[in-house]
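Below sits a lone chain in structure tokens, taken as the form predicted on its own.
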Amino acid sequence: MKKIILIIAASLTIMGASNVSWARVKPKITILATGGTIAGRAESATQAAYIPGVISIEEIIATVPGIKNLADLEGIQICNISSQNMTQSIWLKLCKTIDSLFTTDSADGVVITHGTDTMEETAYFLSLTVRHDKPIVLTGSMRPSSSLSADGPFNLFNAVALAASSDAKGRGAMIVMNDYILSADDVEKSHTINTDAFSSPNLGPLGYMRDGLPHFFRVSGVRHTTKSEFDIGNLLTLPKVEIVYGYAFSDATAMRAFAENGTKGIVIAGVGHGNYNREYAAEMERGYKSGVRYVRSARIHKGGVDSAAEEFDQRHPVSGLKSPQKARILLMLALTKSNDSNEIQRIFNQY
């Protein structure tokens, strides 16, 4: 009897230790810091002007109470810049770093702290090029870390909580700002200074964060991450693509200069339903014959662009719901695969 009791006691001890060990397992989240307002500092707590990208990721993490309870955190300083200075080489570095972290099982999710000016572009690029289903979450702030009511700490808390959630898998790259979860394919910065600065003008947010938990409304319906066909692992540069803005009696000089200086693709941020004038059309005819490919987008935030339009050449693909800046990224990647306009349109239809 005594021997049986000892065996049972030992078993319970092992089970208890196992349960304790299991309970302590937390997701591994890597925070990749790139700078921006969330890493900025002003001279006073109420001053609007500030210097971005001066605080390290370790300092940022230290400002967020309870964040280490969410996950085992590692911080990597990729760069420390304002996001208007984002470069193609940093994009490629982010993509390859995330791929390495996920391939080696070094992280269960990634959070990227980023300046808000080009955050939507980085998010979309990563959603198209990181071919894993683990969460990629970008966040930042509209007020510097020294502000009286800085929004960065809570945004970062929510971003880590989202990346640590099993519900975040397979949803593509996301942005978390002001409690909203926003999909990379539709998110835009829609206010220059307000803390409620990001929205999804056509499709609405994916969901919201509350009490450290994600609540989802919908899923992204376009191809991304594991379903993406774009493999840039061996690329050092991407095809050069620029954007030309449309407006009343716009001049085609800039468009011509782009075409004559190595640009492979041009996105037209057209008026109305992505329309452009006859001077643009004449220049596009010349450029098309020399191998430049054009995509028609719109400077309007809602509604998107389809193939029904005024005086529109059907050889030029349309962007669908993608903003000019998103269309530029997709055209860059499309041109790594094909220069055929029909194939480019197929890619725009699916992504």
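Keep in mind it's a predicted model, so treat the numbers as computed, not measured. Just count from 1 along the sequence shown to find any residue number.
What follows is about the form predicted together with a small molecule, which we do not show.
- Here the marked residues 36, 84 and 117 all reach the small molecule in the predicted bound form, each with a heavy atom within 4.5 angstroms.
- The partner is absent here, but in the predicted bound form a heavy atom of 141, alone among 183, 158, 129, 141, sits within 4.5 Å of the small molecule.
- This chain is drawn without the small molecule; in the predicted bound form, the residue among 324, 52, 287, 320 with a heavy atom within 4.5 Å of it is 52.
- Checking 266-274, 220-228, 108-116, 234-242 against the small molecule in the predicted bound form, the stretch whose residues place heavy atoms within 4.5 Å of it is 108-116.
- When contacts are judged by a 4.5 Å heavy atom cut-off, residue 189 counts as touching the small molecule in the predicted bound form.
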